[in-house]
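The chain below stands alone and is given as structure tokens, in the form predicted alone.
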């Protein structure tokens, strides 16, 4: 059996949904389709999920969401008419969703309804069974998948059946609708693949796989033919957004391969993600901006037991959760997403940290980007030296380097405004 997940661009309108049907019909092993909410039809269009978030905001302000929801309903009805199937049940479902959003059902309920309605449309169009994720997928309070999900969903699926499952959401152990983070339909697809004992998980999107660099930055970037679970997770963590990094977790134990494919070019082989591949191969370079740097220094800092844990606990109280760390003999540098805290919050946090921990120095700087050079056996590779040399020759200042913490990735910090130039420079130096 093959489980197929289709992203928002693959379901944006009736024409795209017809492509999905053709893909599913072309291989009898494709028996489970996990669907996202309809995405943008044009560059200036609205995603259905974004409109649903707006509906929820209106409801929270005690305003009817009808003005915005009517646009959502019109879009779904138009799809149904173009695909030529009865929209009576769809109209009833749309009315129920709008009423529940207006009644204050909550953010997660509203956000999840794009996938819910998309799955109803797709099931009716294909003549397949609709399986509601909320009845089988359990999401813990921290947003992780409860292992009970696999057993529950497996009990619903048969080897001979054909099913459409909405992505992005499940329910809490108490049965309340709960969503994954944005892009979480990838996670739903992985859950379904594990539950069904799939031989392959196909992730259909609007690009022909994962690229060795962002094609918006590097126009001639090549598609990566294969990479490992660890490599795709680390590439995704530093900005490669084709596949949700948390979607790997349900598949690792069972070693179910993932094939990223293009709905608009179904003959392209895409990118295969597996447990193992060529250990010595360079895979790609990616970058993510929007980071701030917190630097702390105290003489004999690490002689005090539990110092690092106590500092992190204090950071968390102010909403700061570091993504990357560097350590010196008496110092710590943490990089965190700048959106986590305003300047005033950071000022208050630094004052308290300095006082409570008697720090010698503490400072925050904004405006950093983190690049990830990803490959196999990076600890034995000298590729990072070539990368650093290329940046130096291009006049790009290197703010930090983390080599050796991962055998898969070397992290390089640069100024935010240098991110695109740095990615392009490393790609052309190492991958051409």
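Numbering follows the first chain given and starts at 1. This structure is a prediction, so every number in the text was calculated from the model and none was measured.
Only in words, not in the display: the form predicted together with aspartic acid, which the text now covers.
Heavy atoms within 4.5 Å of aspartic acid in the predicted complex map, among the stretches 375 to 383, 34 to 42, 54 to 62, 397 to 405, onto 34 to 42 alone. Shown alone here, residue 47 lies within 4.5 Å of aspartic acid in the predicted complex, counting heavy atoms only. Among residues of the shown chain, residue 182 is one whose heavy atoms approach aspartic acid to within 4.5 Å in the predicted complex. Mapping the unseen interface onto this chain, residue 204 falls outside it, with no heavy atom inside 4.5 Å of aspartic acid in the predicted complex. None of the heavy atoms of residue 243 is located within 4.5 Å of aspartic acid in the predicted complex. Counting a residue when any of its non-hydrogen atoms is within 4.5 Å of aspartic acid in the predicted complex, the one hit in 153 to 176 is 168.
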